[in-house]
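First, one chain by itself in structure tokens, the form predicted alone.
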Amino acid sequence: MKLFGINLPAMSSLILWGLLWEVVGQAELTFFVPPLSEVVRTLVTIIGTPSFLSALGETAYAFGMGVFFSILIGVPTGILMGRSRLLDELLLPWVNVFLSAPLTALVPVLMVLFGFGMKSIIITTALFAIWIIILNARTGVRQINRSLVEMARSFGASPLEAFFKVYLWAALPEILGGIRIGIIRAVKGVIIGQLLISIAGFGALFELYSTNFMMAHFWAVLLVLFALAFSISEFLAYLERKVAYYAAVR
């Protein structure tokens, strides 16, 4: 049920968890969980500081570039896999392996190959996101009504025109679903990269606050990260709903 576009059950759940967080924090059951009210006050004090804005910029850049390259490579690769049986048989096992593998174990290899800078963090972010994007794009193409493809061919569409005007648009609901899940995975990838490869961005703040037991600061930064990931995910879910009618007419 929604009121003014707001999902009431989801909002009620967030309020309930927020109240529970506040109760646990006020009870001082563990130093690791300060009261939510203290976390919010801390967030207000640090959100405009140069260190926070610098960390936000570094994290946003690595995250944005990683997602950009994962979409740029993942969507065409998934569409081509859906079109070509040979390419699908060659790549699908590897895609499934990397999707299910603990990618954190590859971070030392990336550090050796690409160094300890921003390049390795961007590649780590892309590796976390790209595989689900490929699989969803492949699934969307394989569900396309063959009559659409035949119609495009009968009107003389070139392979490139068919790619952009038929496959891409017809598979768009699944592609957006893959991007949405990929972005959630990319958030994990960028933080792992900033913690393990180069202590930078939000990873540096997490390291600083956790080692100094500044738990209110730690949770404040974590709330910002969750809010950004949730906002992007909800925006893509909104786009999914807007293009959902494509699935009904394929």
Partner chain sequence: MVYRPLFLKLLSALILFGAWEIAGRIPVSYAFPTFLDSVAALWRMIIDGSLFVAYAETLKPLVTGVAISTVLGIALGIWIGLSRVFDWLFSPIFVVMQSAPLAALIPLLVMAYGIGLTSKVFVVCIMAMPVIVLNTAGAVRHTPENIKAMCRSFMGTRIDMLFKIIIPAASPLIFSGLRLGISAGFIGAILSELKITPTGVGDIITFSRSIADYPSMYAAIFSIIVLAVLFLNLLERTEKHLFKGNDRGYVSD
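What you see is a predicted model; the values in this text were computed from it and never measured. Residue numbers count along the first chain shown, from 1. In this text, the rigid core denotes the largest set of C-alpha atoms whose superposition between the two forms falls within 1.5 Å.
Separately, the form predicted in complex with the partner chain exists; it is not shown, and the next lines address it.
S.K.: If the criterion is a non-hydrogen atom within 4.5 angstroms, does every one of 17, 128 and 215 touch the partner chain in the predicted complex?
M.R.: Per the other structure, all of 17, 128 and 215 touch the partner chain.
S.K.: Could you tell me if residue 159 has a non-hydrogen atom within 4.5 Å of the partner chain in the predicted complex?
M.R.: No - in the predicted complex, heavy atoms of residue 159 and the partner chain never come within 4.5 Å of each other.
S.K.: Wondering, does residue 229 line up within 4.5 Å of the partner chain in the predicted complex on heavy atoms?
M.R.: Looking in the predicted complex, residue contacts with the partner chain include residue 229, since a heavy atom lies within 4.5 Å.
S.K.: Could you confirm whether residue 184 comes within 4.5 Å of the partner chain in the predicted complex, counting heavy atoms only?
M.R.: The answer is yes: residue 184 has a heavy atom within 4.5 Å of the partner chain.
S.K.: Taking 4.5 angstroms as the cut-off for heavy atoms, does residue 72 touch the partner chain in the predicted complex?
M.R.: No, residue 72 is distant from the partner.
S.K.: Out of 46, 40, 60, 222, which one falls within 4.5 Å of the partner chain in the predicted complex, going by heavy atoms?
M.R.: Looking at the other structure, the residue within range turns out to be 222.
S.K.: Though the partner is not shown here, which residues of 175 to 210 have a heavy atom within 4.5 Å of the partner chain in the predicted complex?
M.R.: Residues within 4.5 Å: 181, 184, 185, 187, 188, 191, 192, 195, 196, 199, 206, 207, 210.
S.K.: Verify the C-alpha shift of residue 30 between this form and the one not shown: is it 2 Å or more after superposing the core?
M.R.: Residue 30 C-alpha, core-superposed: shift of 2 Å or more.
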